[in-house]
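Coming up is one lone chain in structure tokens, specifically the form predicted alone.
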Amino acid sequence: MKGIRHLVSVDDLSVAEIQELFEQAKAFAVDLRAHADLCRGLISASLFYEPSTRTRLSFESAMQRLGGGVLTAAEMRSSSAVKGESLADTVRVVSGSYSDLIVLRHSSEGAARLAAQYSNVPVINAGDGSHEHPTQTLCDLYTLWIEKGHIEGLDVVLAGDLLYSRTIHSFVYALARFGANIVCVPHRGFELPPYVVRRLREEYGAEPVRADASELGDLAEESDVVYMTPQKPHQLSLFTDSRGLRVGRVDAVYMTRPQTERHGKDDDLSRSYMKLGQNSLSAGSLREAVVMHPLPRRDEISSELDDDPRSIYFKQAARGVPIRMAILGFLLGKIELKSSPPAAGARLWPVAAGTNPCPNPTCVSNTEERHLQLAFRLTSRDPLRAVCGYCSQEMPIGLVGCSTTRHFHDRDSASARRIRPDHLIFFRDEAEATALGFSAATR
């Protein structure tokens, strides 16, 4: 019997599997009402700890169009969570006899990964804090594929709040995997997080290079534009001059709203937020670009663009139903994909001692202390680097300890690199190490 497949990250699907899902969604879209027997008798549970309109309704529409039933808990903050019930306990209950699949949205990064650890049924991440939103990414990729016929080699502009948008974070990884070129046009101060850029560089060879934005018009007049391609990272210097890499033609502009619900007290939105209008799209490189947006929008896309044939954001929202039908059918075992799943990712190792090394205050490891085994993933041994097993943010490491010798070492020392991953312990400083009974290694 096959094991349970979850969709916590877009990386949980191989590129070939995603392409098969596109074909299945395209078949569903021909007649959305013709598939009411596929999931008859099965139930999906919507657990939404944050507000949602399109994601929740499109999932519920998709499940009902497949003939299944839906349990909706759209206001989880007024449920037993208010009484102190942990996410792990809620998932244990709902994945018992209540439902055959869970769709989860949560404010804490890594919440979906925690839920998957305790669920007896597939878990779909419908957005976890500012971390990832894989089904929105699949919808976005599917839309590009339908509109352009392919994804590899496309030049896609990502504009707006790139720092906090989980949609952007999932989308940028997927674009790199599919071989698309990424043009980052952030609102000043809201650039891609360092951990996202680092992963793009290390896993996909997408080295950020300054771009010449003169042909992007007023869309980029106040931004530091960055170009990234997973195809020719070591050759980019051949195509640049003092102004940066020329961006001559854009296939899509993906606009995002300011994610004010996640902004901290030090985030500055005093500058007027960028806005896309007819004047913006008159720029030479944007004349053939389709305009996308995950919605909801505020004022970042002018309503004058709604009737422009290049604006496809309402089509994009509608396509969320057939792609989610394909996802649900697959995870519920009613659609078989011929392609192989992705290779197993880097192993997670438990944090054996000390305080939580994750620096992210909104990570689920810091917001859900019960029923949670702290974990990390090694991304490099030389230099030694590790990221949180839930939210993927890099852990600040002062000293490194060995659980067998009870000695601590400098993080960049040769002796630290020889410690087995399952024996590694991270300390902020010497005071923490000695308080836990570790002593300095003899030199």
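Treat the numbers as computed from the prediction; the structure is a model and nothing was measured. Residues carry their position along the shown sequence, with the first being 1.
What comes next is about the form predicted together with a small molecule, which does not appear here.
A.B. asks: If contact means any heavy atom within 4.5 Å, which of 166 to 174, 150 to 158, 95 to 103, 277 to 285 contacts the small molecule in the model of the complex?
C.D. replies: Within 4.5 Å of the partner lies stretch 166 to 174.
A.B. asks: Go through 334, 246, 199, 257 and name the one with a heavy atom inside 4.5 Å of the small molecule in the model of the complex.
C.D. replies: Only one option qualifies, and that one is 257.
A.B. asks: Heavy atom within 4.5 Å of the small molecule in the model of the complex: which of 26, 407, 35, 54?
C.D. replies: In short, 54.
A.B. asks: Quick check on residue 372: any heavy atom within 4.5 Å of the small molecule in the model of the complex?
C.D. replies: Because no heavy atom of residue 372 falls inside 4.5 Å of the small molecule in the model of the complex, the answer is no.
A.B. asks: Find out whether any non-hydrogen atom of residue 296 is located within 4.5 angstroms of the small molecule in the model of the complex, and reply yes or no.
C.D. replies: Yes.
A.B. asks: Using 4.5 Å between non-hydrogen atoms, is residue 136 touching the small molecule in the model of the complex?
C.D. replies: Judged by the heavy-atom cut-off of 4.5 Å, residue 136 is in contact with the small molecule in the model of the complex.
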